[in-house]
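Here's a solo chain for you in structure tokens, the form predicted on its own.
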Amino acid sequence: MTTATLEKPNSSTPVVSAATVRKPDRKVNLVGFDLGTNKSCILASQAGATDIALSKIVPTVVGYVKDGIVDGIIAGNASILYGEDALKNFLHVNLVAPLENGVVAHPEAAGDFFRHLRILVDPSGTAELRAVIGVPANAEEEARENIRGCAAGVFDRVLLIPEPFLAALGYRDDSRLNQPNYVDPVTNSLFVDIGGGTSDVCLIQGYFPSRDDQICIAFAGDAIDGLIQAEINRLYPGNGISRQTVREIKEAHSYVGAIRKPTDVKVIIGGKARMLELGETIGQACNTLLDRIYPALTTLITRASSDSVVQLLQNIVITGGGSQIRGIDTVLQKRLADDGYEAPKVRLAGQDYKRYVAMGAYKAARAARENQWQHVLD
């Protein structure tokens, strides 16, 4: 990876020389961090190591234990729970999602979440932590500053890099770069990263993408959940189905393309099992996502050079949780072909989609030069 993939320090963030901060005997841990609206992934190892020491996916949620909970209900009588532990104890905690639409919405919860991750990486609290953190495409400076603020006192140095670019870097198979038939996704590709809060489309052609190479759409998995829940409430008033149950229904039955009927879904309402016909509801909501993504994709195709566009059309990759929507690759490919684009090929990133952004961030952390890291101070 070239050093052009790393952003320059921001002048508004406190920056000091490495010599004034780093202690010679303090070990350095490198972290690749995909901070997701619903789920986050973190990869880490000691600088210079060849193996990844920590690889963990954590739901991006913090649970603050309610007042008056009887001793022993919460393990260790903890006052704050994180990730799966918070979700399992939903009756006894106030759940807070630190992010909304891909950006920090609750700074205190985000800071607590960051501190929890630091303990996972460095239980002793003695190492210097350098983290490359993925951010939505074209994230505004305020959103970046909010992440830096949460990182202060948790990570010693950070770099913020657009998530779809990191996804391409993580998806890249470094062991095959010298093979003549291998198509390097970092050389010439279009990445569509569909998360919980945002859908990011990015033109990647071997260099760090500019603002014109990226489009961020504030419509993704959470917005689909909202459409499905609103329609369920219209069709079945007083159903009491939670947003978490709606998300589970979507993940089990999502699809794009022609409406599929019947799609009977079993739910529990008032303690009783009911079968709801949701084929049209789910299909319409997921097709709305596709309708939002398609114009962004074609816009970036027109911005690519004419000499690169034929190869580019052969290397369109969908990643993130939205890549699990049934038919999203084939329907998107057919729509491009029907609109006259030359032999498009759309593929899914595969089952490891949850880790690609974090893997790309980890690779970027290993490649970063000493003077490219931002020091983040309390």
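Numbering starts at 1 and follows the sequence shown. Quantities reported herein were computed from a predicted structural model and do not represent experimental measurements.
This next part talks about the form predicted in complex with a small molecule, which is not shown.
Within 4.5 Å of some heavy atom of the small molecule in the model of the complex lies at least one heavy atom of I194. Among heavy atoms of D156, none comes within 4.5 Å of the small molecule in the model of the complex.
Interface membership of R335, defined by any non-hydrogen atom within 4.5 Å of the small molecule in the model of the complex, is ruled out. Though the partner is left out of this view, N89 does not reach within 4.5 Å of the small molecule in the model of the complex, counting heavy atoms only.
In terms of contact with the small molecule in the model of the complex, the residue from S254, T263, N146, T187 that brings a heavy atom within 4.5 Å is S254. Just one listed stretch, out of 220 to 228, 137 to 145, 295 to 303, 90 to 98, contacts the small molecule in the model of the complex at the 4.5 Å heavy atom level, and that stretch is 220 to 228.
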